[in-house]
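Next up: the same protein chain in two forms, each one alone, written as structure tokens (structure 1, then structure 2).
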Structure 1
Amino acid sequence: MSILEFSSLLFVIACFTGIFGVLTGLGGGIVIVPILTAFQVDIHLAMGASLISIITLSLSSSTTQTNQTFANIPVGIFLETAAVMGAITGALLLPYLPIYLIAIVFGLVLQFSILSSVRQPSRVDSQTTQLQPRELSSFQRPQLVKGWFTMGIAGILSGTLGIGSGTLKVLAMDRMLHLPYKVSTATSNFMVGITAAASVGIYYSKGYIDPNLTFPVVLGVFFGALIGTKILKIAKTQHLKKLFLGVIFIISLQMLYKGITGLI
């Protein structure tokens, strides 16, 4: 296979990943890493490419009307102080972690994300009433402390696995801070790009960012997300979402299998 063919294939796969990410709500990074490793790409390089695509997606989604209206920036900034520290710690730990362990943790995080994604609709229906922005001072201190530490863990996962940890962030804001689901999602979109940016420098210094592998991934995920947003507006996507989640579940099992057997 020539580089042109490989890059074209990566572009198409990343494009589908972008569409999957929007339709399933899982984001791009967590799906792109196992797919790239399935094509024998080094897991560290796959994670580097994933981080760059996360920043692109986060920045481009932050310009949309929904994210501008619903994102709670003060809460996002407060929680991000923990996530950034976690991401840097995770990225610094990465060279010392065995690849099989990364694959196993990745597989587990992916399965957790799938489960959370399946459970999302009930929360959307029950909590769409209070969308007014809340001040940071209106939260109880234990809520903020729990949320802050959870964001630290999300940051460590982001730095170690090259993902945005959006699922964990949404879950923490939804369950611990009791923010409406729409607000949690918009705030998480704002946060994931910052968390990813915190570890990119370290990834680059370790040689985990390969520009020639990154470009088809970034372009594919970016255009895929644009297409996914259009599909989301015009089509009923429940069955498509279930199908995609099924595919991602199989990918997560494959990642776990590779990690446990040491085949990665």
Structure 2
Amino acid sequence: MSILEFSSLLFVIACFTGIFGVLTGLGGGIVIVPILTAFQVDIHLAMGASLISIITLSLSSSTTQTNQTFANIPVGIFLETAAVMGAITGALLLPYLPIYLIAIVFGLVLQFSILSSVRQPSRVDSQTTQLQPRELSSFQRPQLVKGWFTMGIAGILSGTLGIGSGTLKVLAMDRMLHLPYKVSTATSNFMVGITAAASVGIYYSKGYIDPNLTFPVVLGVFFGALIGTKILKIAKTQHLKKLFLGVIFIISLQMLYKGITGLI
């Protein structure tokens, strides 16, 4: 496969990833990294490209969603303080972790993503019309504390694995803060870019950012995110989530297999 063909393929994959990332709030890195490693890209370079793409997705989607009052900015900023500290910690730990262990952890995170998504209660779709932002004072303190610590864990995973950890972010806002699904995903899209930006400088200093690899991924995610924000206003995400979970399940098995057998 020529460089042009490879770049074109990455653009198309990243475009679909951007769409799904916006609709689910997962950030997209959870798919970008294993797909790139499937093409024999070094996992560290794949994670670097993933972080840049997450920032792109967040910037291109959060402005529209904020204007539509989808994203809850006060909640996002509060929770993001923990995520940023976790992301910096995770990025600093990255050089000391073996690649096979990263692959295994990534596969397990994907499996957790599937489990948490499948177990989401049906109420998320019935509350999508309640989109007005809530102030922090309207939440109970135990809710905020549990959500804050969960975001810290999400940040560590983001810095270590090169993902936005949108899975844990959406889960925390949905389960712990009881925000509507569209608010949770939009707020997650706002947050993942900040989390990724907190660790991307460390990745760059380690030489894990390859412009030739990053450019087609970022371009595809940008266009995909623009499309995804249009779809989010009218879409019911059940069918898209089922397709997305099927893809994630296959990818998770691949990452677990490569990590356990040492083929990565």
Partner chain sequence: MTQNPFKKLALDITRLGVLISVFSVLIGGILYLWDQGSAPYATAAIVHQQATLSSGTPIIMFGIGALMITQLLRLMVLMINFSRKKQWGMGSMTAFIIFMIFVSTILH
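Take the two forms, superpose them, and find the largest set of C-alpha atoms that agree within 1.5 Å; that set is the rigid core. When a residue number appears, read it as a position in the sequence of structure 1, where counting begins at 1. Quick caveat, the model's predicted, so the values are computed rather than measured.
Visitor: Between the first and the second structure, which is the form predicted together with the partner chain?
Guide: Structure 1 is the matching one, since it is the form predicted together with the partner chain.
Visitor: By the 2 angstroms cut-off, has the C-alpha of residue 230 moved between the two structures once the rigid core is superposed?
Guide: After core superposition, the C-alpha of residue 230 moves 2 Å or more between the two structures.
Visitor: Rigid core aligned, does the Cα position of residue 6 differ by 2 Å or more between the two structures?
Guide: Residue 6 C-alpha, core-superposed: shift of 2 Å or more.
Visitor: Residue 256: after superposing the rigid core, is there a C-alpha shift of 2 Å or more between the two structures?
Guide: No, the C-alpha moves less than 2 Å.
Visitor: May I ask for the C-alpha shift of residue 17 between the two structures, in Å, based on superposition of the rigid core?
Guide: So the C-alpha of this residue moves 3.5 Å.
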